[in-house]
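A single chain, nothing else alongside it, follows as structure tokens in the form predicted alone.
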């Protein structure tokens, strides 16, 4: 290629790339408002609550913050809002060993904070962060009950063998403590009927077969 040909290729190639960049930028700006979740008064008030109580001093959102406590970007997806509200108002009524102190939020502040977390949860993070390798591998070659345990994200609150969340009881030896599958079925259908004051959400929407499979899996944990 001649010197002039190389120069023209560089110039016209650069102009083409610049034109494509301009078109993509205009398209993004034009659709940004449609893709962004609506910011309501409650969401705005919840953001102020987040800063007022310095939640970012322990938690992260979208990877920003401190890593002393769980990442909160998808907290509303992983845990029911009713559970989150109870935990925010007084963590140790849910988990007596919770490291998070009672911050003294009002009911309104808790509702607004959850509205803010709900807004954050709708941000598309493109699947980041990826699922932990050991957690992803847990479903391979597993029983139907173990598959259901993973499908319904039970590990977001419970640990088995050191893997999982700490908001709920450790289930590593639950089969020794509660060996009755029927007890687990009742607990899954209506947690408060067997554990008064339980913050665990009900799984009454599951079929009888799924409830039985999940209960049979739990009693194998010994």
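Numbering follows the first chain given and starts at 1. Note that the structure is a prediction, hence the values are computed from the model and not measured.
Here the subject shifts to the form predicted in complex with a small molecule, a form of this protein not shown in this document.
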Triplet 59, 72 and 153 all within 4.5 Å of the small molecule in the model of the complex via a heavy atom: yes
Would residue 164 count as a contact of the small molecule in the model of the complex, using a 4.5 angstroms cut-off between non-hydrogen atoms? no
Would residue 189 count as touching the small molecule in the model of the complex under a 4.5 Å heavy atom rule? no
Please run the contact check for residue 195 against the small molecule in the model of the complex: heavy atoms, 4.5 angstroms, yes or no? yes
Would residue 86 show up as a contact with the small molecule in the model of the complex if we use heavy atoms at 4.5 Å? no
